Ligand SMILES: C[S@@+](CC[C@H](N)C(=O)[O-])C[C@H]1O[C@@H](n2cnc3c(N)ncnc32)[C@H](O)[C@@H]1O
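First comes one chain, alone, set out as structure tokens in the form predicted on its own.
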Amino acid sequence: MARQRSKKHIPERMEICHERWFDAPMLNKGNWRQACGFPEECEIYLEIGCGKGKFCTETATANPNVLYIALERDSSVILSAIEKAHALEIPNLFFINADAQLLENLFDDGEVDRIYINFCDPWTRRRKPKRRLTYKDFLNKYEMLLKPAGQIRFKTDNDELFDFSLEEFSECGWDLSEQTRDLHNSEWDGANVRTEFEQKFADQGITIKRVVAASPRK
């Protein structure tokens, strides 16, 4: 994959869209609904690794009563997503420019209703499974953030990562459903929102793997 060019004037452009993100998101821990102006009963959906924002903008728009928070560690990448949400004036979509390793500092126990993980780095070339976002240590973090029986919705193009993830989910006691190795030809494609990477892979004839995992937390 070609190396992405670094965007110019990132701080200035981020400031223009400042209502979409937080300088110190850790201060919102346990208080995200109030910080974003939403009622306590609304659900929170968290996307880990939002990329340029196609998925989060479409999903947030389709779920206007849900507070949607998108996390991305690359400031140059998340800028595209933030500017897109700003231009579309999506009132329920906010962003965090941070690493997923910091999640426990950003959200309180049971604060999140659903997590999306779409086309994360498979870490196959360097053989570093602990870096994978579906490694057991990450799953333990997610379990604490999610409400009881809260969901992770996971998609990937990578067969090795998918097999690894299914094993990690099962070993950690997550309940799996809606599992498919060809999402775009499955019964669940009708409600599926495609990411930028997903469309690219589909155009290349690569099938998309997907599973829904419910937290074992009671």
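Here the structure is a predicted model, which means the values were calculated and not measured. One rule holds for the numbers: they count along the sequence shown, beginning at 1.
There is another form of the same protein, the form predicted in complex with the named molecule; it is not shown, and what comes next is about it.
Trainee: Quick one: which of 94-102, 107-115, 81-89, 144-152 gets within 4.5 Å of the named molecule in the predicted bound form, going by heavy atoms?
Mentor: Stretch with heavy atoms near the partner: 94-102.
Trainee: Can you tell me whether residue 19 touches the named molecule? I mean in the predicted bound form, with a 4.5 angstroms heavy atom cut-off.
Mentor: No, residue 19 is distant from the partner.
Trainee: Using heavy atoms and a 4.5 Å limit, would one call residue 136 a contact residue for the named molecule in the predicted bound form?
Mentor: Residue 136: no, not in contact with the named molecule in the predicted bound form.
Trainee: Does the named molecule get within 4.5 angstroms of any non-hydrogen atom of residue 50 in the predicted bound form?
Mentor: Within the cut-off, so yes.
Trainee: All three of 71, 74 and 195 touching the named molecule in the predicted bound form at 4.5 Å, heavy atom to heavy atom?
Mentor: Yes: each residue has a heavy atom within 4.5 Å of the partner.
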